[in-house]
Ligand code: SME
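This document opens with one chain alone, in structure tokens, the form predicted on its own.
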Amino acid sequence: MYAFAPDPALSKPDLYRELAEAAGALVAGEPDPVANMANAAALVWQFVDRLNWAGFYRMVDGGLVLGPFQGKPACIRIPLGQGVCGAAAARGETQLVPDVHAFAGHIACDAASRSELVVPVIRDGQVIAVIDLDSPEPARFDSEDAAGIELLASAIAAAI
């Protein structure tokens, strides 16, 4: 049994460090990438507050395909370069969007989403997936959140 309990008194950097360590422990020795993404998505949901969606889009045949997640049903396929997830995958760069309505080409899978953070998962120099976090709060994410999810992406890249 896994019992990970984030301490709400931790600073954001420490909380994300614990999240990355917990994810690393869960994926260690497990060869199935879907199981590893599922556990990582569940941990993000547990550790990061004020989200309405948290999960993965996987790179498949030159585009993004929905992977394990927590939240409402989501868009299944996203072409590279489209929406926040497609931009992160195409550029290989984190996308921190304080107001999704101001992001040209935003794809609204959940109308309640107001801000978004998308971090590419890179292995051997290639984007293999993105971690997507949505919040119903405008400007929910900041640079500490981005750095924390980037740490998570690095911690699990080899296992997905």
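Keep in mind it's a predicted model, so treat the numbers as computed, not measured. In this text, residue numbers run from 1 along the sequence as written.
The form predicted in complex with this ligand exists for this protein as well; it is not shown, and the discussion that follows is about that form.
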- Looking at the partner-bound form in the model of the complex, is residue 53 within 4.5 Å of this ligand by any heavy atom? yes
- Query: So, in the model of the complex, is residue 109 in contact with this ligand at a 4.5 angstroms heavy atom limit?
  - Reply: yes
- Task: Choose from 120-128, 37-45, 100-108, 22-30 the stretch whose residues reach within 4.5 Å of this ligand in the model of the complex, heavy atoms counted.
- Result: 100-108
- Query: Along 122-160, which positions have a non-hydrogen atom within 4.5 Å of this ligand in the model of the complex?
  - Reply: 132, 134
